[in-house]
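Given next, in structure tokens, is a single chain: the form predicted alone.
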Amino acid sequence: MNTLLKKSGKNLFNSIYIEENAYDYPITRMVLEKFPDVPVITIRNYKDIFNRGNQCFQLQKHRQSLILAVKSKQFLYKSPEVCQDFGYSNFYYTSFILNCIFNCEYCYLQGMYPSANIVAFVNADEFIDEIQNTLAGKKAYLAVSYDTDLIGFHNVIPYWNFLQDFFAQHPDINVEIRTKSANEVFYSEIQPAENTVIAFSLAPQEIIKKFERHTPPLAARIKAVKSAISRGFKVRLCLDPVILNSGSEKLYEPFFRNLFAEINPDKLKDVGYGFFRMSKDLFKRIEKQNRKSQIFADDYTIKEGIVSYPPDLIKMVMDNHLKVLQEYLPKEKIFTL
């Protein structure tokens, strides 16, 4: 279990806001039973709290509240081009939760949402209906942990308990659950499936310490990867985003070699590799809020509305990194963006 979720509910959440029409759902009852000491406030609509003006994302990160809400359409979205599609033209994502328990400095969520509070939608059945209506019968790829970390949140709300039977009945829908969590409880409670891949985001420990606040250390994540593999889960490693900050590209070769000394590459489904990148609008929004950030103070280029490192620098670093990765994995198992 990660450090955040070892805290009591009272310390984990400052308060729990509940929409007046969200009380009569199993997820709501489960949360109220789990956190009886956290103050509860009834609200009309989650947007009254989540979207109000003059909120400070980073200040709220220290005292997050949980908001339980009933989502209305839309439940499913086409994936943006800045995400790896792993070869699927029908690539969608869905968001059962808005925001994350972690606080990575490079995260786009701090520019996307006006609040750091966590919104958890309680009407999981309506998400499932929409996924079935849109994707059933198609060979599709669905990211279910897109604007959050479902496994990191599993000990608060075990969303996958509500989803796994549906996806077991729809083998053409390939599901990715991306995570930085080291929560091994998930792999002991959940059954592996052919169409489900656990995508672990990994980075050198120096990058984790510097830019991925509240996330588990690399050693704990590697342990979780090994636990998932040993229990039969398909596993993807996401070496993304690669951060080039003050010469940090030199950290990656020893990181890759240590990774594959610990994890048998033959047991992996594949690897994703990509550099820090963000839409220009989100980048500007975060840059204004976070003037002390080293990441947002670096020099970048803008190409087709996407902020990232200069193409020549990306090519040089990627060539070097791929040479190392291809010592362990065949080219066709390494996806780059």
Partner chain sequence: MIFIVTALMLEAAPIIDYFKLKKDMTIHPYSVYKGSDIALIVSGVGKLKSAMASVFLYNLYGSGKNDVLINIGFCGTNSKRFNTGSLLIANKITDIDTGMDYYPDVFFGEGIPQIPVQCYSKVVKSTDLTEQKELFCDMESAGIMEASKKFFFSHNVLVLKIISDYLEPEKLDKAKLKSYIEMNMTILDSIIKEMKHLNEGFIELNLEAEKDLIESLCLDLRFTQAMKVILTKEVKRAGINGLEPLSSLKEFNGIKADSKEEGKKYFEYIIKKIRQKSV
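Numbering follows the first chain given and starts at 1. What you are looking at is a predicted structure, and each value in this text was computed from that prediction instead of being measured.
The same protein also exists as the form predicted together with its partner chain; that form is not shown, yet it is the one meant from here on.
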Non-hydrogen atom contact L282 with its partner chain in the predicted bound form at 4.5 angstroms: no
With heavy atoms only and a cut-off of 4.5 Å, decide whether C56 touches its partner chain in the predicted bound form. yes
Considering only heavy atoms, tell me if I49 and its partner chain come within 4.5 Å of each other in the predicted bound form. yes
D299 near its partner chain in the predicted bound form, any heavy atom under 4.5 Å? yes
Identify whether its partner chain in the predicted bound form is within 4.5 Å of every residue in the set Q164, E189 and L337, based on non-hydrogen atoms. no
Could you tell me which stretch in 58-66, 308-316, 24-32, 270-278 has residues with non-hydrogen atoms within 4.5 Å of its partner chain in the predicted bound form? 58-66
